[in-house]
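This document opens with one chain alone, in structure tokens, the form predicted on its own.
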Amino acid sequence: MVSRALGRGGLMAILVAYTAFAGFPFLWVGTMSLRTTTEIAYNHYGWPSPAHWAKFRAAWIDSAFNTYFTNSATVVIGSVAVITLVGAAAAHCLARYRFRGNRLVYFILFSSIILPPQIVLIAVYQTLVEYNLYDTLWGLGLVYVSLQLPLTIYLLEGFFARIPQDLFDAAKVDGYGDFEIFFRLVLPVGMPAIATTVILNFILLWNEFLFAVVLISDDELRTLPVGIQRFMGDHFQDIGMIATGVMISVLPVIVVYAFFSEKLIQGMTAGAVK
């Protein structure tokens, strides 16, 4: 009993230490976002007193964060929706249907995950220019879909392959067609894994910078990461306003993770479908 209590105490101490290590930077930026640069210079780690909430309004309206935020939300939410639906359908086909070239398609998708996406940047740029999709949110969204679709299919295929065949046989006996099986069986059963891919794709695309800065030049179409770079250039000496802008960009990710963290854990730890 003593050794078990010591073990639990050690694990709890490690958990508390890691939480403090991971959470302190976020808390620090959060406090700086409510303080002025003068206050930060006087005391780097002080508590905001008073809290300057008006800084968020200034960053949101005066520095065009509302435009950047809307652009990011539009392209990321749209891309994640397409990635999820198409990726789930493709993963279901690869996991459940046997056809010539099945494993070849799977191998090609897996190979594309290994290669760094930066190597296709020039080719993507030329393609978008040729089809008049350069400097458009549509073009950037298509690029995001193509970048994240292979990884999504790879993650979901392994999960869908573990769904018992008896469920599909029972659905066919009940008269379900292929589309009904997908929407009324595969999607509900695979929701933990699907939620995992949704969160991962949302976080990756929300913070994506390289393709956004290369493929978007119009300031009215810039996404939030690119907008923050410009914002930091305009407020190079204003640390307080930079912290405010960073908090605006981070909060959506925190909110999404807070609401879907349970599904994320279920999807990451699911060993078999029952």
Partner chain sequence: MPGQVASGPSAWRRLFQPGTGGDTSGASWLVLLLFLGPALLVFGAMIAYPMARTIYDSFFTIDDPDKPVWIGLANYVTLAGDETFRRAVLNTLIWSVAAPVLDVGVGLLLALCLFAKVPFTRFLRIAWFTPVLLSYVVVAIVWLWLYNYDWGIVNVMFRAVGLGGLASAWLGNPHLALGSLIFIDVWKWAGFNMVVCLAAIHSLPSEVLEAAELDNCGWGGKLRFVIVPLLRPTLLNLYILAFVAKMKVFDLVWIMTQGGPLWSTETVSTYVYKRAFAWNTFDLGYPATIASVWFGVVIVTVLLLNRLLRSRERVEF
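Positions refer to the first chain, counted from 1. Here the structure is a predicted model, which is why all the values come from computation and not from measurement. C-alpha atoms forming the largest set that superposes within 1.5 Å between two forms make up the rigid core.
In what follows, reference is made to the form predicted together with its partner chain, a form of this protein that is not presented.
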* Any non-hydrogen atom of T136 within 4.5 angstroms of its partner chain in the predicted complex -> no
Query raised in the report: Taking 4.5 angstroms as the cut-off for heavy atoms, does P25 touch its partner chain in the predicted complex?
Result: yes
Distance check, A193 to its partner chain in the predicted complex, heavy atom within 4.5 Å
no
N207: heavy atom within 4.5 Å of its partner chain in the predicted complex?
yes
Those residues of 189 to 203 with a non-hydrogen atom no more than 4.5 Å from its partner chain in the predicted complex are L200, I203
G30: after superposing the rigid core, is there a C-alpha shift of 2 Å or more between this form and the one not shown?
yes
Practice prompt. Please check if V213 moves between this form and the one not shown, taking a CA shift of 2 Å or more relative to the superposed core as movement.
Written response: no
Checklist entry - If we fit on the core, is the Cα of A64 displaced 2 Å or more between this form and the one not shown? => result no
